[in-house]
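This document starts with one chain, in the form predicted on its own, laid out as structure tokens.
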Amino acid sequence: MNTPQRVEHQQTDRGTIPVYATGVVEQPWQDYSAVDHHVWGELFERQRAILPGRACREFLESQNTLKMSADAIPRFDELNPILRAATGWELVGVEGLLPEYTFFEHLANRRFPVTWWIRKPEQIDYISEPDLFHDLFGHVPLLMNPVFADYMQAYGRGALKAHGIGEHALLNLTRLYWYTVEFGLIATPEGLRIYGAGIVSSKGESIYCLESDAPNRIGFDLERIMRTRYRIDTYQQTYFVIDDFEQLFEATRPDFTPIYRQVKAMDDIRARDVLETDKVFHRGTREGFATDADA
């Protein structure tokens, strides 16, 4: 098997452009340097110090069950037996960003792609694409949760179907993934908590999403999410709050085809906007309240 490559974006005179890879690779664990393991350990310790009381219980408990620690980069071949026994999922190593269809195929077959390489020390606070820390620390623990694991597979299957419908359907589903899997919040008896991988893997956003007065925190609404724009270069202006993981799974049961048609006929919503029908959550609380557009 060829040596896995590190595939990152390219910087051009027109800005940053993504570069895609398609192959599945073995994790070259024995080739990680002391610096790689140190970067993992520093990021792991930093996040685990701030996530108690911020991340949902299911995430923290699953990460403990997987026996992730700051000592060294986890081995995929040691995590996979635990994942398979719990929910039937497995990790596959990839070299970087995957084309949409390839990514959806993996999810639909209960395979989660994990970038094999980790960011460099100078990228420790920000990297523009998913690396091993984001994928492994942020995404993998909740694949131990049976309901969330089923949601991820259902998402993959729905995305494969949407791929044949058109770009508008894929855009709608991309927004659903963004506002749930990557940047979702959940209402618990203890208050709002984080479950989105893009938040739990970011020190700054883990604090900002719950403790800042700046963003909107809005109750989960499928059509509302599919209409809401987002940005990738800053903290989110809106977070959507689920009641529980069952709500996510139930949202994937209907045929989305008529929903795509309905949303296509409606205007997009700016992330910073609040609608009259939105259920807005107080910072750090479980309860929301109805508001009007000028609130």
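A residue's number is simply how far along the shown sequence it sits, counting from 1. If you're wondering where the values come from, they're calculated on a predicted model, not measured in any experiment.
We do not show the form predicted in complex with a small molecule, though everything after this point is about it.
- Taking non-hydrogen atoms only, Phe183 never approaches the small molecule to within 4.5 angstroms in the model of the complex.
- Shown alone here, Leu142 lies farther than 4.5 Å from the small molecule in the model of the complex, counting heavy atoms only.
- Remark: Leu107 does not count among the residues lining the small molecule in the model of the complex, judged by a heavy atom distance of 4.5 Å or less.
- Mapping the unseen interface onto this chain, Ile124 falls outside it, with no heavy atom inside 4.5 Å of the small molecule in the model of the complex.
- With the partner omitted from this view, the residue of Val147, Ala154, Ile82, Ala72 that lies near the small molecule in the model of the complex is Ala154 [heavy atom within 4.5 Å].
- Checked against the small molecule in the model of the complex, the residues Leu132, Ile199, Leu176, Leu98 give one hit for a heavy atom within 4.5 Å, which is Leu176.
- Contact with the small molecule in the model of the complex, judged as any non-hydrogen atom within 4.5 angstroms, is confined among 247-255, 234-242, 59-67, 40-48 to 247-255.
- The candidate spot formed by Phe137, Gly138 and Lys203 is out of contact with the small molecule in the model of the complex: none of the three has a heavy atom within 4.5 Å.
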